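Next up, C-alpha cells for two forms of one chain, structure 1 and then structure 2.
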Structure 1
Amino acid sequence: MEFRVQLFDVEQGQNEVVLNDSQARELSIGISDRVKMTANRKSVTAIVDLSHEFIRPGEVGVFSEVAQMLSLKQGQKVLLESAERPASLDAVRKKLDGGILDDKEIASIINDLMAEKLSATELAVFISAVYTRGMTTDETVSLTKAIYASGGSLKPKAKVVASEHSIGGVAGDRSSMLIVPIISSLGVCIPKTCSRAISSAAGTADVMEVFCPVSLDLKKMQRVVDKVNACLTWGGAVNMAAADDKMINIRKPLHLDPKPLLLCSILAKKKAEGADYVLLDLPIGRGAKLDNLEKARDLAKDFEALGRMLGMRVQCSITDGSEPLLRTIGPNLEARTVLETLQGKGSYELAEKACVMSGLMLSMLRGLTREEGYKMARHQLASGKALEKFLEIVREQGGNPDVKNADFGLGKYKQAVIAKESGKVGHVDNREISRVCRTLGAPADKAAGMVLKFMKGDKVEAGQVLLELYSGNKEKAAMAARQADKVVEIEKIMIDVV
C-alpha cells in the first residue's frame, strides 16, 4: 500500500516509522509490528509506532535512520508491506529459555540489530537473557566475532600489533598515554582507541584532546598508525564493534555488566584494532569495578582463554585500584602531569605503573623477563625517547608538538577544602573525586579539576588545605566545595572516649 512521507529529522536509534492509529487498526498493524518500506529502489524493515492526531491516514512519519537509508524526501510516495518477524527473535527467546545458541543464531541477532530489524526493547531482553543465563565460551567467541564484524577495523601494516586497555575506575590513571609512546618508541605498532569519561572527571580521550584532536575516523587513524606506529584516539569516532555501542546504551542505566558482554565488548574492540598481543589492566579494591582478587583472577582467565580462541595472546595485570593514581585530576591538570612525567619529572606513581605495565608487554612481545622489560621501559622514559614519540603522535593527530607545560590553564574560580581534624589519611575516594570534579564542570570544562594535597598514609593537621578545586564557573566551584568533604578520609588515633 502507498503512503506519503512525513519526515521527522530525529534519530531514534532504530528504524522507526509512525502510522495513523485508526488506519493501522484497519490494516491490523499494531505497535512494535514490522513493516517493509520500499522507495527509490531500496527497502528497509522498520518498527511501527502509532500517532493519534499528527499522522493522518495515508501518511507515514519517518525518522532519520529510515529517511537516510532510503534517501526519502518530504511528501514522497513510499510502499509499505507487512514484514516477517525477524528470525533473531527466536534466538533471543531461546537464550531467555536457557538454551545454547550456535554461531548462526548469534550472528542473526547482531545482523538484525545492525539492520535495525531487532528493536531496542528486544535487545534489552537479549541482554537480560545473557545476564541471567550466562554464555558458554563458544557462545562468547561467536558473539565477539559477530560484534567485531559489525563495525570497521584497522589493518595496520605492521606484522605484530600490540594493544593495551584498562577496565578503568581509577582517578588519574593515564598510564596508556605513557605505555603507548614507550612501546611504539621501541618499534612496536600499538594503536590505541580510548574512551571519554562516562561518570569520571576525564577519560584518556578527554585528556589526550588537550594536546590534539582525538575524533579521528578510521581512515585518518589508519594513516597515523601507518606513519608513527601508534595513535591515541577516541573510540567513539570510529565505527569499530558498532553493535557493542547499541548494547552499552541499554546496559548503562541498569549497570548491567554480565561477564560475557564485558569480555566481548573489550576483545571485539581489540580485535578491530588488529591486535595480536593484548595487555589488560584489571584494577581491584574499594570502589574499583572489581572488589577482590579472586574475581579479577577469574576474569583474567576468561580473557586469556577467549583471547586464545580469537587468535590473540592476552595477558592481564591485576593492580591496586582503591586509591587515585595522580594528585592532579581533571583534563588540563592530568595533561600537564602526563607531559611532566614524560619529561622525567611529574608523577612517580604514573611513571612506575606505566613502566611495570610496559615491562609486562615487552616480556610478552620479546621473550624478556618482566624485570628486563621494566628496565627497557624505564630507559625509553629516562632517555626522552618516549616523550619524543608522544609528541610525534600529537603532531600526526593534528596537535602542536611544541606544547609547553604552562599551556594547561586552571579554572579561574578556586576553592580550598580545609582539614577539619588532624590525623592520618586513611583513604582517598575515586568515586567522590569523580562526583566533585563533575560538579566543577569536568570533563567538558577542560580547566576544571582538583589537586589533592594529601594522599593515603600522609599525616595532616586540622586547618591545612586538603584539596584545591578549580572551575570556570563560580557557582560550580562553590557547590563542589560543599560536596567535597568525603573525598579524603582522615583516621583519628582516638576514635572515641567512653
Structure 2
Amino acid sequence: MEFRVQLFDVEQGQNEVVLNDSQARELSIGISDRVKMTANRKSVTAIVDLSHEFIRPGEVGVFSEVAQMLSLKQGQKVLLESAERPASLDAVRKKLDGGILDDKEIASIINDLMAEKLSATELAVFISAVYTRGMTTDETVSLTKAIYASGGSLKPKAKVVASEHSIGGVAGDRSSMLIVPIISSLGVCIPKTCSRAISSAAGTADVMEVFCPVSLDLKKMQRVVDKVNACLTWGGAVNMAAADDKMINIRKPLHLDPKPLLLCSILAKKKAEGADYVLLDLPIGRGAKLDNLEKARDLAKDFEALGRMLGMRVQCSITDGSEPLLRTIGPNLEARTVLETLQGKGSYELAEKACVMSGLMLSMLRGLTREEGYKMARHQLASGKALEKFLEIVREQGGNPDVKNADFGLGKYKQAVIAKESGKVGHVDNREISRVCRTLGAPADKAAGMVLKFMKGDKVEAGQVLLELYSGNKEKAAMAARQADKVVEIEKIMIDVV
C-alpha cells in the first residue's frame, strides 16, 4: 500500500516508523512488527510503532534515520509491505536457552543488526543471553570475526603494525598519548583508535580533540597513518567494527559488560586497525573495572588465547588502577599535562607508566628485555623525539603543531573544596572524580575539570584546599562542589567510640 510521509525530526537510534493503530490492525500489523519501505528506488526494513491520534490512516510517521536513508520529503508517497521476521531471532532464542551458536547463526545476528532488522529490545535480549549463558571459545572467535567484518579496516603499508589499548577506569590515564608517539618515533607503525568518555571526565579522544580533529573518516585516517606511521583518532568516526558500537549503545545503560563481548569489542577493533602485535593494559584495584589480580590474570589469558586465534600476538600488563594517574582531570587540564610531560616536565607518574608500557611493547616487537625497552622509551621522551612525533600527528590530523601550554584555558567559575579534618589521604576515588567532573560539564566543556591538591599518602591539615573545580557554568560549579566530599578520603585514627 501507498502511504504519505509525516517526517519526525527525531533520531531513534534504529529504523522505526509509526502507523495509525486502527489501520495497522486492519492490515494485521502489530507493534514491533517489521515493514519494508520503498521510495526513490531504495528500500529499508523498519520496526513499527503505533499511534492512536498523531498519525492518521494513510500516513506513516518516519524518524530521521529512515528519512535520511531513503531521502524522503514531507508528504511524499512511499510503498509499505510486510517484511519477514529476521531469522536471527531464532539464534537469539537458542542462546537464551543455553545453546551453542555456529558461525552462520552468529553472522546472522550481526548482519541483521547492521541492516537495522533487530530492535533495541531484541539486541538487549541477545546481550543478556551472553551475560547469563556465556560463550564458548569458538563462539567468541566467530563473534569477533563477524564484528570485524561489519565495518571498514585500515590497511597500513608497514610490514609490522602494533596497537595498544586500556580497558579504562582510571581517571587521567592518558598514557596512550605518550606511548603512540614514543613507539612511532622508533619507526614502528602504531595506529590508535580512541574512545570518548561514556561516564568519565574525559576519554583519550576527548583530550586529543583539544589538540586536533579526531573525527576522521577511514580514508583520512589511512592518509595520516601512511604519512606519519601513527594516529590518535576517535574510533566512532571510522566505522571500524561498526556492530560493536551498536552493541555498546545497548550494553552501557544496562551496565552489562559480559567477558565475551569485552574480548570481542577490543580485539575486533585491534584487528580492524591492522595490528599484528597488541599490548593491553588491565588496571586493577578499588574503583577499577577489575578489583583483583586473579580476575585480571584470567582475563589476560583469554585475551592472549583469542588473539592467537585471530592471528595477533597479544600481551597484557596488569597495573595499579586504584588511584587517578594525574592530579589534573578534564580535557584541557589533561591536554596541558600531556604536553608538559612530552616536553620533559609534567607528570612523573604519566611518563613512568608510558615508558614501562612502551618498554613492554618493544620487548614484543624487537626481542629486547623490558629494561632495555624501557631505557629506549625514556630516551625518546628525554630527547624530544616523542614530542616531535606527537606534533607531527597533530599537524597531519589538522591541528596546530605550534600549540602552547597557555592555549588550554580553564572554566571561569572556580570552586575550592576544603578539608574538614586533618590526617593522611587514604584514597582518591576514580569513580567520584568522574561523577564530579561530569557535573562540572566535562567532557563537552573542555575547560571543565578538577585539580587534585593531595594524593594518597599526603598529610592534610583541616582548612587546606583539597580540590579546585573549574566550569564554564556557575551553577554546575556550585553543584559539583556540593558533591565533591567523597573524592578524597582522609584516614581516621579513631573509627568509633562505644
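Remember, it's a predicted structure, so these values are computed and weren't measured experimentally. Throughout, residue numbering runs from 1 along the sequence of structure 1. Between two forms, the rigid core is defined as the largest C-alpha subset superposing within 1.5 Å.
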| item | value |
| --- | --- |
| Number of the structure representing the form predicted alone | 2 |
| C-alpha of residue 415 off by 2 Å or more between structures 1 and 2 on rigid core | no |
| CA of residue 46, rigid core aligned, shift of 2 Å or more between structures 1 and 2 | yes |
| Per-residue C-alpha change between structures 1 and 2, residue 59, threshold 2 Å, rigid core fit | yes |
| Following rigid core superposition, Cα shift of residue 121 between structures 1 and 2 in Å | 2.4 |
